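Shown next as structure tokens: one chain only, the form predicted on its own.
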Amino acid sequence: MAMTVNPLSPVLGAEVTGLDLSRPLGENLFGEVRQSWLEAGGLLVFPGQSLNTAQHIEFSSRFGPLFGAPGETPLQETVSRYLHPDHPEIYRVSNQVKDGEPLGRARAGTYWHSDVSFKERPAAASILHAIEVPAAGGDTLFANMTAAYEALSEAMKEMLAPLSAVHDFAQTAATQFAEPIVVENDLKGANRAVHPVVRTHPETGRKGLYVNPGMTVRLEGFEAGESEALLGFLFGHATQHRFIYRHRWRQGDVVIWDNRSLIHYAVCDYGDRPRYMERTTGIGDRPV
């Protein structure tokens, strides 16, 4: 296989052609894929792929353990109805309903976030396969939190260095899930964690902001107004256009993003036009 990597934007992302992800990749070739992922700021796009669910899981597991895999941590109970009935590693994103049951989570991710940042070991790689997409709309925005951190003043970096923030699923549940769907157990300690505001990436060694509007509720040790003001500044700073790549989905796209260095936002502007995607989510390290 001849792999070609082309940048997608000045700030992050690359498109990889010449690979068929339904076929096993040798160790050397997979090593090239992983290195390209890191060098591209944590986002790779593989167009024109045709993966079945088992192949998707097999490829994803090369990046590390998956939420929902046998013996591994499941995603929180609230999203269990959206998991693949035969493969709990697969979280389904869809606006379609069959026999009165949703085929996936409609309007999933319509807010800036890093996947499951409220876990003690939050997500590393997320891998989303576009199986059916509308002709227009449904883009996903990705913001480079490493670039956002590096653009801060030295004085701001020094102030942020020792700070920690609380990430809580209750923040997401309050705005993103209808009340009957939220499970009481999901609002307890298993889906609440404290992480450093500035995170060192375990593979690249680069520092980046690790806060997001969807799940970060407050800074530890600050009064409410102080925390709100500082987090508001960081959220606004990180989501400036200069740090963002916007992906327009095509049927067959497989997109891998790094939740350790990116946040993302799914744009829900396609109405009831059919959309169906499958996602795996890798279990990452404890942020440091």
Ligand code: SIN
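From 1 onward, residues are counted along the sequence shown. What you are looking at is a predicted structure, and each value in this text was computed from that prediction instead of being measured.
In what follows, reference is made to the form predicted in complex with the named molecule, a form of this protein that is not presented.
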{"query": "Contact flag, His113 vs the named molecule in the model of the complex, heavy atom cut 4.5 Å", "finding": "yes"}
{"query": "Contact flag, Trp249 vs the named molecule in the model of the complex, heavy atom cut 4.5 Å", "finding": "yes"}
{"query": "Interface membership of Leu209, the named molecule in the model of the complex, 4.5 Å heavy atom rule", "finding": "no"}
{"query": "Any non-hydrogen atom of Ala173 within 4.5 angstroms of the named molecule in the model of the complex", "finding": "no"}
{"query": "Listed residue that, although the named molecule is not shown, lies within 4.5 Å of it in the model of the complex (heavy atoms), from Leu152, Val133, Ala193, Val93", "finding": "Val93"}
{"query": "Heavy atom within 4.5 Å of the named molecule in the model of the complex - residue from Leu128, Ala125, Ala143, Ala165", "finding": "Leu128"}
{"query": "Joint contact, Phe67, Arg260 and Gly284 to the named molecule in the model of the complex, by non-hydrogen atom at 4.5 Å", "finding": "no"}
{"query": "Contact stretch among 198-206, 103-111, 143-151, 157-165 - heavy atom within 4.5 Å of the named molecule in the model of the complex", "finding": "103-111"}
{"query": "Residues within 4.5 Å of the named molecule in the model of the complex, restricted to 239-276 and counted by heavy atom", "finding": "Trp249, Trp257, His264, Ala266, Arg275"}
